[in-house]
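Presented below, as structure tokens, is a lone chain in the form predicted on its own.
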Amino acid sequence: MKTLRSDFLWGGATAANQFEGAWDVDGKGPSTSDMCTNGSHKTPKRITRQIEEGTLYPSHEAIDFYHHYKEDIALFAEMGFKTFRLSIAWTRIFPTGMEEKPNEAGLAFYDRVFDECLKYGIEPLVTISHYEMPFALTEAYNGWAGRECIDHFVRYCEVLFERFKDKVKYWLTFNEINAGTMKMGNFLSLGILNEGTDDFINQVDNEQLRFQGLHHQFIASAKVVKIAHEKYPQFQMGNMICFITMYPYSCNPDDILEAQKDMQMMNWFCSDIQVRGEYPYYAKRYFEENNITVKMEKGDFEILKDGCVDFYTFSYYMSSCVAKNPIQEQVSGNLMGGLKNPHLKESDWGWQIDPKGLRYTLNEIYARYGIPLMVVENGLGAYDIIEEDGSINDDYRIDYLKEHIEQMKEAVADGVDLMGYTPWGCIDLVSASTGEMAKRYGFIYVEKYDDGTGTLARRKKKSFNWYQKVIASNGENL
């Protein structure tokens, strides 16, 4: 009953801007991520409109996968990966996003990466846009607030599809697209840079612009899904949602209704559009009450309906509680926090650890959509210590992942169609929200530190050998 399918896609997940480095090598242009300074969980990153000399920009070197890809993929193969989730840096292919012809050196790099994966029997799972876009598009159109970005994105995807049609089968259009429903999504996912602040997290917010930008992403996603379905029937096209599971803090009906409302707009809104092909009924009231008017063009409804995804993927790290009139202690989390759940423990960064919440979430998603699911991010960010003998005993990470895999198997026994699992940061990389290296997720330790120093040497953690056994047993040996 709890046995995972025989073709289950075990692997790990990364993002180009957080681990590739080589930010200006071989014709690559600056992305939005390249304009973000370092920070910490106490000090926010800054967004700069020009590169400031003497300022640390973590994405510029990251962990330099660009020059270490053979070594890193060999380590993934040693663990037994069946798939490797990575993203393509848009500015390696189109440096400003507005060129008519792609940068051949960028395409050639990903050819080499995919060939290296396929050499070991590792199936690439490619995120087309993972929290970055050409910074030139931010300057020209204020990112996705401008409808012009749709055509530039479609051209980018057409190049990727044709170039890699024999090497990549699984594609995700936008990473955690629902970040655009949250204040933090302004620059992070939409490339929108509002006046008045250079604070990455607390940027001046304009909900009208955010939801307009989201609409443009929905249209862009649907257009490329339709292209894939018509021209490349071998492709499987997926979405990607940051799922923030929310519980009512109490059985007070006010708390229950508040949690339902938050779940609708933060978790279901984007996937209702990408999976069902239409705006959900509850969006109308939300837009009216928040004075949001999404400008749509003739044919947009048909585009959305014709571009529904084939499978649903999501990140899951934590859960939180919601109350109508919150007075309880607040905790942090992925993209947003919530109220402290007294029944859960927390990570070093204050994220509540809730393995059973993953089973609940898988069931909720599958009941709603009935299409194959994949957990493409899940993991524990923690401080890792190198012992005197060189070992890294990250039992806390093993415990976290083990408990979540156990609950995935319970969900499969419940009847959920689960196709794969790619824990986040299979190798240590830069934190998206804070720019830190200290917050480590990987099975592989990278000697790179918050001040930008480090040899970039790779070394296996205890979790490396554990995950190798998990994959070899298809999840039976935990």
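Not measured: the values here are computed from a predicted model. Numbers follow the displayed sequence, beginning with 1.
Not pictured, yet referred to below: the form predicted in complex with a small molecule.
Only one of 249, 218, 131, 84 comes within 4.5 Å of the small molecule in the predicted complex through a heavy atom, and that residue is 131. Although the partner is absent here, residue 432 is a contact residue: one of its heavy atoms lies within 4.5 angstroms of the small molecule in the predicted complex.
Residue contact with the small molecule in the predicted complex: residue 351 places a heavy atom within 4.5 Å of it. Contact between residue 317 and the small molecule in the predicted complex is found at the 4.5 Å heavy atom cutoff.
Contact between residue 173 and the small molecule in the predicted complex is not found at the 4.5 Å heavy atom cutoff. Judged by heavy atoms within 4.5 Å of the small molecule in the predicted complex, the contact stretch among the candidates 159-167, 224-232, 391-399, 174-182 is 174-182.
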